[in-house]
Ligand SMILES: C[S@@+](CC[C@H](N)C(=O)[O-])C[C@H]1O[C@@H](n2cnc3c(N)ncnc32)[C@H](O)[C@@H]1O
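Next up: a single chain in structure tokens, the form predicted alone.
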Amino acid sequence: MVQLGAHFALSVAELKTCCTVLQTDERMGLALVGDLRIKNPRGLPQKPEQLFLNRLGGTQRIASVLGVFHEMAAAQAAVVDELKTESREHTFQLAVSGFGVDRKAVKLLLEGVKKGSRLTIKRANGDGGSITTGRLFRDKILKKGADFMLWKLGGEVLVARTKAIQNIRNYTLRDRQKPFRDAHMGMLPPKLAQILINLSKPKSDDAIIDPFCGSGTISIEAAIMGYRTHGSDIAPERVTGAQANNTFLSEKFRYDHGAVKFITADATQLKYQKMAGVIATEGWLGHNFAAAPTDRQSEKTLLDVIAMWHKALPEMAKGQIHTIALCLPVHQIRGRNRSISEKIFALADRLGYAPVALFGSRKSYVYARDGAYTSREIIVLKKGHSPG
């Protein structure tokens, strides 16, 4: 069982690249999954659940299912039974979050577990309110005790124990504390970089190629995941900054600094015929607007981006690139999204690539952030793939 982030459909699409998704609940932000494909190419000394979670940008929490119960009394008994083997030496932090379960019922369950267990329990949420992933991490609840999730499914309640959560400190380090950040080009969040890599479904021996590397976020995230990676950018100062970020973060996260190669190059002129693997890139989003664009400004920028892809995509098609995961710019004009994805799909089709419908019946996903005038439209193109 997993708890997903704010971009539910995008997170589900990412999940499907590394496990079987059995059931989803968008309203609750939850999914039931199985057949987890856990990778550890760098031999990190971490639990399997944490290894699985660390590679996913869109999943906040992963839990192991204890059972599905008709009555809350049975759910309470399952939690008490799960805690039988816990140490009694220290006060035990206990958190229980309800999803579709009445807050009062969660509070009563917490009280019942405290009375029924032999542990000295401190209830992290004695009022029955749900515990956020941020608080679980900040208060180190998994180290001091346990967190349980209750998910109401029809007339039954699924009970699961949290096994891993996102490491917020590590994401902050990789995003806001790296030495080079360029606000003028727009800053790709590390979580979105992970999602793009996963959506490209690289094989273990594939190189991850980012021809618009900017500050190096995608290349660095790929290296942390254990892949070889090549990044390039047309601006020399960004390549220099990406190299500085690689040096800094390779020391912090202990990955092979040499696994990341950066060069200064125009994405429309790279020698893709010598490359093999996948392309995962934010791409070029055009002019970075400081205010809402006018119709004319939007049209000019989008035409410039289309023209660039008409040069870049034919070159990419010359390489052994089986999948391209990228972002396209979207502008909101008078309450409607102005997109260029259909034009890019038509171009890709002529080159032997087709969009993958990863988001239900949709072939793209608009990733919008508060305060940004340009949103990212995520698409995935696969060579020789039939859409749908």
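Please read these numbers as outputs of a predicted model, since none were measured by experiment. So that there is no doubt, residue numbering starts at 1 and follows the sequence shown.
Quick note: we don't show the form predicted together with the ligand, though the next part is all about it.
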| query | finding |
| --- | --- |
| Every residue of 187, 211 and 217 near the ligand in the model of the complex, heavy atom within 4.5 Å | yes |
| Interface membership of residue 284, the ligand in the model of the complex, 4.5 Å heavy atom rule | yes |
| Residue 233: touches the ligand in the model of the complex, heavy atom cutoff 4.5 angstroms | yes |
| In the model of the complex, residue 238 touching the ligand (heavy atom, 4.5 Å) | yes |
| Contact test in the model of the complex: residue 267 vs the ligand, heavy atoms, 4.5 Å | yes |
| Which of 108 to 116, 88 to 96, 258 to 266, 162 to 170 lines the interface with the ligand in the model of the complex (heavy atom within 4.5 Å) | 258 to 266 |
